[in-house]
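Presented below, as structure tokens, is a lone chain in the form predicted on its own.
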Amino acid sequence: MKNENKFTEIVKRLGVRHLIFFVTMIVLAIVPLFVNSYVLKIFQSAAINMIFGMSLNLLMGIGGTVSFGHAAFYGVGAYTTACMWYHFGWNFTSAFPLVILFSAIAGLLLAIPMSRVTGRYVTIITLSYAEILNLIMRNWTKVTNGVMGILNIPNIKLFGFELAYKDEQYWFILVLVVVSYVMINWLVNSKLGRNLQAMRDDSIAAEAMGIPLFSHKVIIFTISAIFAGIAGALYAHIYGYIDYTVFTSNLSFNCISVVVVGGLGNFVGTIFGALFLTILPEMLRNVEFLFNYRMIVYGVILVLVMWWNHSIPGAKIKAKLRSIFNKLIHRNVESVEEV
């Protein structure tokens, strides 16, 4: 009886979205017990994309600012940890503070000019900034090894302990997904988060109420860049090789797709969006008769998901399903309370 009451309290405190997130994390945590190394690698990529997607959703869904150059921060994080190992022999733990620092600086340098413009100029500035950083990655040979990239990046080491197995690496990434989710949601529910949402909904009214638009935009851009940099650092150590071709506008557009599919401001949706858009292409690749047409099928499915998420009929269907799900949850909770 006491355990049932505790479960009821947990459901009420967490809310449906947070409950879905933690249940999803538990399910994902047992994935290594049932899949081979190839499939586990795909789930590692999906977990990294969850952090990357949440970083952009924080900027777009809460801050109300679109970034078409988010791959730049991902690349800064990846190159920071890779270069620290390549030139100085530093491991992941040693390089991690610099990943945060350099990603924050990269975000700050873009945020200062970008926070004073709106509309199509945002697209131009963010794309241009990402291209500039990509050119630096390509041509600063003494630091980044240029077009050759950086090879044989070692596994993640935590205070001297090496995560040598894929399942250990995967669980560590999931831990960072949970930490990122908790921190981002704490930020969203803080005074800063409420101010950002007010700015997103009506910037003129927010400014009239005394909210400093410029400083808030700079702060959210910098924080978003830090999380993107962490995702990039994980990518470098998990895959063991990076070069400038990874961090292009295509990566930014893929991240935007994850956010849009999951829903702006919906971080649980971002988790499922990252899973869907990472796993789906690999599933289509393994279907023999779809192999040559997999990108067409992928595009059609993506369009259908967009229709589901952002059309009036799709919204009505989602609202109906959500109401049914909420009724089932509340009915189960009430039955537990009666017992």
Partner chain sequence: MSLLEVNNLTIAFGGLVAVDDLSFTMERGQITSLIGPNGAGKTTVINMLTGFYTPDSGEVKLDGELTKGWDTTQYVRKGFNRTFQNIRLFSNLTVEDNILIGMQHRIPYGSFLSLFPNKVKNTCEREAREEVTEILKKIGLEGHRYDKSTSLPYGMQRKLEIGRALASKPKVLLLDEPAAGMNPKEKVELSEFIKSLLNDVDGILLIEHDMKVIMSISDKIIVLNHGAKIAEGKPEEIQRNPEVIEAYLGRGGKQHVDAGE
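Because the structure is a prediction, the values reported are computed rather than measured. Numbering follows the first chain given and starts at 1.
Beyond what is shown, the protein has a form predicted together with the partner chain; the following relates to that form.
- With the partner left out here, the partner chain still marks one of 93-101, 229-237, 209-217, 73-81 in the predicted complex; by a 4.5 Å heavy atom cut-off that stretch is 209-217.
- In the predicted complex, Lys191 approaches the partner chain with a heavy atom inside 4.5 Å.
- Residue contact check for Ile223: one or more of its heavy atoms lie within 4.5 Å of the partner chain in the predicted complex.
- Phe161 falls outside the set of residues with a heavy atom inside 4.5 Å of the partner chain in the predicted complex.
- Proximity of Leu187 to the partner chain in the predicted complex falls within the 4.5 Å heavy atom cutoff.
- Proximity to the partner chain in the predicted complex, defined as a heavy atom within 4.5 Å, singles out one entry of Val143, Val122, Leu109, Ala198, which is Ala198.
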